[in-house]
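This document starts with one chain, in the form predicted on its own, laid out as structure tokens.
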Amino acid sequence: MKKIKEIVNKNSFATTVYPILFGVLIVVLWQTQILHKILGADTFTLPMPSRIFDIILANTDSIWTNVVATLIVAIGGLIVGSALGFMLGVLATFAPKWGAGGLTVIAAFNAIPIIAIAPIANNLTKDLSDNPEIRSMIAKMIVVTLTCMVPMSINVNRGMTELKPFSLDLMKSYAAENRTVFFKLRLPNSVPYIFTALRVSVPVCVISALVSEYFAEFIIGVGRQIRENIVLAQYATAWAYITVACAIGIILYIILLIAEGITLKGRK
């Protein structure tokens, strides 16, 4: 057991410290302009990290307003998409003839670029409300929902069908009802698969929200600010929002890992 714990601690150290050290190295190369020489860039199109940090501090209120708008879309779409994906995965488990075809159709959404879905979502929601902010938010949330629904539905179906050998036969030998089999066997077995899906969906929900904001009707959100500042050649401000977008994705992913560790603690 001690050897196993040592191996786990070493792996945790490697997966945490090495990326941090690599990030620090990149920032140092960036700040000293060595990175600029390597990439052949200038400080106008690739501003210094200190300049980006100053802009973030000077525009905290404005940035926070856009961050909240992006988080509402990303997290809202993640929740709705994951819930719909879970229900589709369950449906595919209990109705495999229909479910297999349904999962195939859902999986096909992975091949559709977000930049193609976003304008369609804007067109579909144009008559939902007289408030452009509400219309825009719903359209963006639809995009995130579709992208998050796919990994959840597929992984839930796997978790509920890829059971331990003879476990289902054992439940049948006890004359267990379908409800009992679902709550006592299939659902607990699917929990690790749900977190596997969320590991995919959490970064995807942020990316989908950012890209959908590029085409949104209402001008708000981190993604939209990146676009607007690039168009205006305000590259330092655009990089400030890019940095914030990266921070959003990292923080949400860390929260997911903590929740996963707590939920699956002691699980073999």
Partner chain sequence: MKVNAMLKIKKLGILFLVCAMVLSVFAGCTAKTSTEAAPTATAAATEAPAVVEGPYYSADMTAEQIVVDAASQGKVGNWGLGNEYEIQALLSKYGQDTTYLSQAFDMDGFDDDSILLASAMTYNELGLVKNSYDGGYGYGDTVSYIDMNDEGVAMLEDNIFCTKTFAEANPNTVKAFIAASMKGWAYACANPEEAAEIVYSYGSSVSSEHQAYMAGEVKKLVETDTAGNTVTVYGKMDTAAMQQTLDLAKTYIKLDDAVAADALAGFELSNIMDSTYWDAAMADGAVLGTPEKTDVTIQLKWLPQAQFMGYYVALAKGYYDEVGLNVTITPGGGDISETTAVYSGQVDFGVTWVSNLIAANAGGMDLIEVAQVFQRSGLVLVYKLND
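Owing to the predicted nature of the structure, the values given are computational and were not obtained by experimental measurement. Numbering follows the first chain given and starts at 1.
Below: the form predicted in complex with the partner chain, not depicted.
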>> in the model of the complex, does each of Ile79, Glu177 and Arg186 have a heavy atom within 4.5 Å of the partner chain?
In response: no
> Would Asp130 sit within 4.5 Å of the partner chain in the model of the complex, counting heavy atoms only?
Replying inline: yes
> How about Tyr235: is it within 4.5 Å of the partner chain in the model of the complex, going by heavy atoms?
Replying inline: yes
> Closest heavy atom of Ala216 to the partner chain in the model of the complex, within 4.5 Å or not?
Replying inline: yes
>> Contact with the partner chain in the model of the complex for Ile55, defined as at least one heavy atom pair within 4.5 Å: yes or no?
In response: yes
> Can you pick the one in Met171, Ile194, Leu88, Met160 that has a heavy atom within 4.5 Å of the partner chain in the model of the complex?
Replying inline: Leu88
> So which of 186-194, 132-140, 67-75, 163-171 is the stretch with heavy atoms within 4.5 Å of the partner chain in the model of the complex?
Replying inline: 132-140
